[in-house]
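In structure tokens, one chain follows: the form predicted on its own.
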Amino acid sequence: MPSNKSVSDAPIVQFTNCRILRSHQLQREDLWVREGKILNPEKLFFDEKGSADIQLDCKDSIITPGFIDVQINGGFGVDFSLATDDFKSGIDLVSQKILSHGVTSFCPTLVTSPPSVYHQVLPQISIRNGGAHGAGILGAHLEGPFISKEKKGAHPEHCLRTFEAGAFQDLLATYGSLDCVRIVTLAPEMKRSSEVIQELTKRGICVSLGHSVANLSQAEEAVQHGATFITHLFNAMLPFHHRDPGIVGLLTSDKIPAGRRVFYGMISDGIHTNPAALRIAHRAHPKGLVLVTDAIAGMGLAPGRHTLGQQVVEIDGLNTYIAGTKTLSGSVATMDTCVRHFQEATGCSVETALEAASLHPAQLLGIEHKKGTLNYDSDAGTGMGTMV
């Protein structure tokens, strides 16, 4: 039957012989796509009298929503925290390369840097949709410089800042502009952080807690003021203690405002987080777990020396350290690797592992109506990943 073109002249693609992740389950259904949107086949058949222009046999593969990486510092030789003349070509390269690992949207992440770097780099980051040319950009994730000296991790101490004097105005002066910013990681124990969290939240920017020595009550107060995310849980924060579990305690806190969910990032690369810790977090709060790569410029490259902002890092196998130290500095794992490791380490279902890299980050950013699922009318070109 020929296609009916009364609605659109764009070709209709039908993916057959596949299992698709929909409504938290793998379902044996065909997937219909036109102009980057997932179609409802009943409407297509009965309302439009349409049919497929192109049929693709998926050979019993799984089609998953596109992965969303909300913490990625670079990759393939590109460092998002370096102000270079060819920054835009670098971000385009990473955007294109991560598609083959299932990532269709991401937040380019800048680690703690001098103000001059933010002023040069942030105007060059544009929010855009993805497609065959590369993954979409959801906005920048600014990890620092308003973090704890004691838990700075791989962040350069001389670039750390406070907002004790001018609160939100100090933050604005440091970053220069918030036009393309989606997430800000800060330490909630810093003076005047509540004011800053409220101002960021008003502007629709997700506030994440991390690189911090905050106790549980300080973390709960930050959530009550609008924070919704935890940056790489367990890493660069106080370890869990039974009398004061610190930021980790947010996973089971009874002080979270009604209707609010706290999400937390996990680096499931087999290095940053022990499998037992992955299992503890997942079992305590499965619906909040968001897989992130925390990938650095060395992802996709051979072992050796690379950069992470102002620091030189060394890659030794899957380990990445600040050169000359044993301080971990990001990851070289790809998102598909993190998904597989998470599934193996926790014994969770395939569906659960896939949603931790798709649905949950979409919910964190409030974009689950168009990304993170294969629901009808959601984005396909930017919301559908590779078959696995």
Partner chain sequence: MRLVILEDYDQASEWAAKYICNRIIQFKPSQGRYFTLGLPTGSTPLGCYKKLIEYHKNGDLSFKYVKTFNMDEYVGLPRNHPESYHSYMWNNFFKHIDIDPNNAHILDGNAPDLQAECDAFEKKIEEAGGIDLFVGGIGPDGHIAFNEPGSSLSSRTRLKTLAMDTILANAKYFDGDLSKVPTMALTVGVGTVMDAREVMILITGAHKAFALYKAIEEGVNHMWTVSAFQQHPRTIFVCDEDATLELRVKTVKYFKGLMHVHNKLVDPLYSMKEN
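Positions refer to the first chain, counted from 1. Keep in mind the model is a prediction, meaning the values are calculated, not measured.
The discussion below concerns the form predicted together with its partner chain, not included here.
Heavy atoms within 4.5 Å of its partner chain in the model of the complex map, among the stretches 324 to 332, 47 to 55, 339 to 347, 353 to 361, onto 47 to 55 alone. Interface residue remark: residue 42 is counted as part of the site for its partner chain in the model of the complex, having a heavy atom within 4.5 Å. Taking the partner from the other structure, its partner chain in the model of the complex has a heavy atom within 4.5 Å of a heavy atom of residue 29.
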